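Okay, so we've got a single protein chain in two different forms coming up as structure tokens, structure 1 first and structure 2 after it.
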Structure 1
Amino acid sequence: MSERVSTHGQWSSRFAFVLAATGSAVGLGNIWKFPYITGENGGGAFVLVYLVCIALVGIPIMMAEILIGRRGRASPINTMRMLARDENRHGIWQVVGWSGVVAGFIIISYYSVIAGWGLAYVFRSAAGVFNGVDAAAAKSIFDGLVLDPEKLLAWHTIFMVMTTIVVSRGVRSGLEQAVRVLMPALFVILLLLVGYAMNTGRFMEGVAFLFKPDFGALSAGGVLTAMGHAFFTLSLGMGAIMVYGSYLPKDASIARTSITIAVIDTLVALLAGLAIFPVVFANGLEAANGPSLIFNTLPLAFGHMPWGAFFGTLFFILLVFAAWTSAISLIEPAVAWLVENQGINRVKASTLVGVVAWLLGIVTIMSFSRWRFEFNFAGEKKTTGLFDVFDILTANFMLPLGGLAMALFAGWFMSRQSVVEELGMGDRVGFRLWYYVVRYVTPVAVVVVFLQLIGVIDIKDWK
């Protein structure tokens, strides 16, 4: 088969791809979501399940997703359609691409609202609003933002416009340089925050919370959330990494690349956890604070450290950048498909996608104030909004199912020869290990997590 060429161009090198894919992976998921879901799910045991999922499910699926993308060299929908045809499989496989596009729309719609919180905090921090604040003041600053739909709409609009502009110019221009500078900066500032956390006197409590597993604190839903987060944080299961893989040069090593991305991504999340929980404990806050966790705790850190306003501003700028480079990858699959199949140019395609996502974002905005409802969950009364529904639907269901389908496609429905050829690691130990994991271990792990959720099996019985 003659090799396909992407109509959207290629990364300049493997390193450019690593930067872009790391930009996609590292985002709000690491700094905003990981700490709050860890807090809600009791800490250590949750983190352990999450780490196991990164290794056994995340990395193998990332390799599968990249190899599928590079072989198809098109938007995920067309890639799945073409590869299914090449391998004499049913055209139904393109559903994987479609479900990814839908998941991308839903995720970007709320992702942009949360990134908007980050934007708002850049200005609040720069204005010195956090100087000397206590927990109650930090909370009221946050509430003043999320309970005001107009403010949220303004920030959401700005973030969506920023994202659409970059995507309309092609994901490659600018992204490479930006990630190259900003990612190390983010790392440094996280280290600084961890340094602050060490001085709170409660650092070891934070460490114990994150790394000492207490399985009693982990529910079946928590196990699913941990696995779902492995997908979310690595941008897997919806075609974002697949579409980036479609721009990857032929000679780049997919295995090394995937491991590098997963390691960086995990480090950022763990650093964020180490920075936040000691501050939570030192200020008598609730670990299970929900989506507001970092916005209620970090102002306390920045409000009390030397040069806090400066570092706080820098931190939130970097957070917004990290979110930006992820948001771009969330809409790229839809944009690439529109350009390929509807014959419209990138600018129009990105605008169209941006407008639809922006409208959908209004649902999330309203779900923090007006549009809330109560429901019973396992005997507990919970108040929630459609934001939670969007989040659970995508991260806990659509991404894992999409990823499972990709693992099955690469492991069982593509010929071994195509897979060996595309991965380019030969048919040696490394390849065989991955092939075994992606054919058996990964699918079984995903299915087991779903089965324990519906109560067919109970993971706690296995202790």
Structure 2
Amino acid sequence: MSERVSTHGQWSSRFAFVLAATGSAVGLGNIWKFPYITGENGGGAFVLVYLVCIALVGIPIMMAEILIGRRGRASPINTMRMLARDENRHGIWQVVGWSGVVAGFIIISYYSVIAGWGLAYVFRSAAGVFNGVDAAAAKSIFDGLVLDPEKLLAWHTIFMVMTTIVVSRGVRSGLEQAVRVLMPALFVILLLLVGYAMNTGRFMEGVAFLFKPDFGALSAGGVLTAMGHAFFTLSLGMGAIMVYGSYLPKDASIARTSITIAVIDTLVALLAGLAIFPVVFANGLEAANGPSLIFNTLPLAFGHMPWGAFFGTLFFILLVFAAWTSAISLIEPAVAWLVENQGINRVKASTLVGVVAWLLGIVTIMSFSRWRFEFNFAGEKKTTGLFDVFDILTANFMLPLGGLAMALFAGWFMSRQSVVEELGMGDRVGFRLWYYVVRYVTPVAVVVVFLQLIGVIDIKDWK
């Protein structure tokens, strides 16, 4: 087969791709979700299991998604259509591409609203709003934002414009230039926050909590949580890594690149834990406070610290940067498809996707106030209506099924010769190990996580 060329250009180097894909993977989940689920599931034991899951689930699927993307050199929809044709498979496989594009589109609609909270908190922290606040005041500040549709719409609009501008500028001038600035800045800010945490007097307690295993505190449900987070934290199943892979130079090693991305993504999560837990412990707060850890608990801590306003502002800038690098990858698959199939330029395509996602985001905004309703999912009551519906639809259904489909396509429906050729590892031990894992181990693991997430099996209380 002759080498395909992406009509959108390609990354200038493997390093640029690593930055971009890491930016896609590093998001809100690394900064707040990883620390609080670690707190809920046994600390160091959970971290150890999580690392194993990254190796057995995350990296194999990422390699599969990148190789599919680079093989097709197009948007996820067109890539799956072309590769199915090349491998003499049914055209139904393009549904996998559609699912990824639609999932990313739905996610960016509410992701932008949540990122807007972070933007709002940058300015609130810088203005000293949190200085000396108590728990009730911190909650009142948060509720005053979330329950005010006009404020949320303003911040949502600003963040969506930021994202659309970057994507409209193309692969090298937009995506690559953004991540070359944002990712190093993210690491610098994170290291500054870790340095600050080292001076709280409780840093070693945070280190012990993260890295000292206590397997007695880890349930089977915690193992599944680790497996599920390993899958979702790498932005798998939504077409983002696939379309980024389509811009990857032919001579770049997919295996080395995937491992590098997974390591950096995990490092960010661990550094976030090292920055957050000492601050939490130093202020006598709970490590397992869930989503409120960032917007209710940490402002309370920053409000009573020396230089708290400065470091609080840094923290929320970090949060916005992490969200921004993920957001640009979420709309890129839809933009790429519009450019390829509808004959419009990148600026118009980006604007169209951004405007429609912005409009859909209004549904999320109203879900926190006037359109709120309750429903049950897998025995758990949800109270924010359509926002939770979007979250459940994507995280619990579309992403795991999309990731599973990519593993099956690469492992079972592409010819072994095609896979060997695209991975560039040769048919040696390393390739055979990955091939076995992606064909057998990874699909079983994803199916188990999927069944647990949708409530078909419930082993949260197993020991």
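Think of the rigid core as the biggest set of C-alphas that the two forms share within 1.5 Å after superposition. Throughout, residue numbering runs from 1 along the sequence of structure 1. Source: prediction; values computed, not measured.
Identity of the form predicted together with 4-fluoro-L-phenylalanine among structures 1 and 2: Structure 1, which is the form predicted together with 4-fluoro-L-phenylalanine, differs in this respect from structure 2.
Using the core for the fit, does the CA position of I54 change by 2 Å or more between the two structures? It does, since the I54 C-alpha is displaced 2 Å or more between the two structures after the core fit.
Comparing between the two structures on the rigid core, is the C-alpha shift at E40 2 Å or larger? Moves: yes, 2 Å or greater.
C-alpha of Y111 moved at least 2 Å between the two structures on rigid core: No; Y111 is a residue whose C-alpha shifts by less than 2 Å between the two structures when the cores are overlaid.
Can you give the CA shift of P184 between the two structures, in Å, with the two forms fit on their core? After core superposition, the C-alpha of P184 moves 4.7 Å between the two structures.
Relative to the superposed core, report the C-alpha shift of V268 between the two structures in angstrom. So the C-alpha of this residue moves 2.4 Å.
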